[in-house]
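One chain comes next, on its own, written out as structure tokens in the form predicted alone.
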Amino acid sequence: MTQTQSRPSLAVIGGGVIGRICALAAADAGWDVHVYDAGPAIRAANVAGGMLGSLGEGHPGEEALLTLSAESTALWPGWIQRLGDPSIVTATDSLFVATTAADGDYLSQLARFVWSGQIGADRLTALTAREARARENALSSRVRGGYLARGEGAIDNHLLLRGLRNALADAGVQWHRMQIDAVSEVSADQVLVAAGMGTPALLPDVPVEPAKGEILRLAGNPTSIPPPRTVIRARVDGRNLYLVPRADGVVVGATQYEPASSHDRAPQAGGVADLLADAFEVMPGLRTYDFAEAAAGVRPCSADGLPVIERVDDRTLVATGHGRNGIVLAPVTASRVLDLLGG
């Protein structure tokens, strides 16, 4: 008589993008998966631009993060296909632009000494101001040129969360809406803690620091100019700005600073004002849009800027510390978690 061997079980604590994609990867690999989700109130992925490109993280001193981002970006097309909803993708390319000579020099230095090692000449093209405005004719006269990065796209973070949730249900993953206060509360062969800023309460030896950031959502109306076709990543007097197209408008982001506490999720007036001012400097026609939302999220950051993806003990794993890069790094995180689980 043949005995049927039961599937190994995995409990995932955390229902954000990292928890969901790791749960789906494990389910696809044959694990019996249960997700424990405390709810959307503190979910960092609810407040995100959804950029999938790696070059936006290619700042001096962040070469390791750039390499990891490039690896993860290459995995995203397979995940989009897995979810079966191409409308999740809102842009396939990025346009990096500068508004001052100093901003232009900064982008040129990145292109020569940082980006060139990660993206081929066939994907990165230098543009004059006229060429940049030919691609996005709503750009302001302040734009002095920049770079077109092909394959540096974006997705709608809300559609992504919904798509992952639907895929988990189809894969037979059990979803539990409940707060977990200790790893010992869940029963499974293996436990993955992917709880973002909730991680230290469960694993005190895995410290993460909070970083707060605001984004804005602008909704189009009948009098509005069309949203950009590409992700616009601009340098405005030394500040970084992104404009990310959505089906119904544009996401504007993002600030980043230390919050008053890990529970501080109220948008600050100054941050909102700065984002709007810079957005109008880059694309003045956005003034015609309706102001739909100002939101702030608190993201878990590691000391070195790289995510913490490791085994804590024989039963427990952790995936946290992604900072501002949770969405772009989600696929490579799922791959690393599968490796730690043994395939």
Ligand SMILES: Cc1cc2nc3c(=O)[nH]c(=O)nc-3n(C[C@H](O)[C@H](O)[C@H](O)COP(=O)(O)OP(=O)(O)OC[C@H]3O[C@@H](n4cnc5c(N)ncnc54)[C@H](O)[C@@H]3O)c2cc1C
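The structure presented is a predicted model; accordingly, all values stated were derived computationally and were not measured. Residue indices: 1-based, along the sequence shown.
Just so you know, the form predicted together with the ligand exists too; it's not on screen, but the next bit is about it.
Chemist: Which among 283-291, 23-31, 47-55, 302-310 is in contact with the ligand in the predicted complex, heavy atoms within 4.5 angstroms?
Modeler: Heavy atoms within 4.5 Å of the ligand in the predicted complex occur in 47-55.
Chemist: Does the ligand get within 4.5 angstroms of any non-hydrogen atom of Gly163 in the predicted complex?
Modeler: Contact check for Gly163: no, nothing within 4.5 Å of the ligand in the predicted complex.
Chemist: Decide whether Leu276 counts as a contact residue for the ligand in the predicted complex under a heavy atom distance cut-off of 4.5 Å.
Modeler: Because no heavy atom of Leu276 falls inside 4.5 Å of the ligand in the predicted complex, the answer is no.
Chemist: Given that the ligand is not shown alongside this chain, does Glu214 nevertheless sit within 4.5 Å of it in the predicted complex, heavy atom to heavy atom?
Modeler: Yes, Glu214 sits close enough to the ligand in the predicted complex that at least one of its heavy atoms falls within 4.5 Å.
Chemist: I'd like to check something about Pro331: if you look in the predicted complex, is any of its heavy atoms closer than or equal to 4.5 Å to a heavy atom of the ligand?
Modeler: Outside the cut-off, so no.
Chemist: Under a 4.5 angstroms heavy atom criterion, identify the one residue in Trp115, Tyr147, Tyr242, Trp79 near the ligand in the predicted complex.
Modeler: Filtering the options by heavy-atom distance leaves Tyr242.
Chemist: For a quick test of understanding: in the predicted complex, does each of Val17, Arg43 and Met178 have a heavy atom within 4.5 Å of the ligand?
Modeler: Yes, all three are in contact.
Chemist: Using a 4.5 Å cut-off on heavy atoms, which residues of 179-208 contact the ligand in the predicted complex?
Modeler: The stretch 179-208, when checked against the ligand in the predicted complex, contributes Gln179, Ile180, Ala194, Ala195, Gly196, Gly198, Leu202 at the 4.5 Å heavy-atom cut-off.
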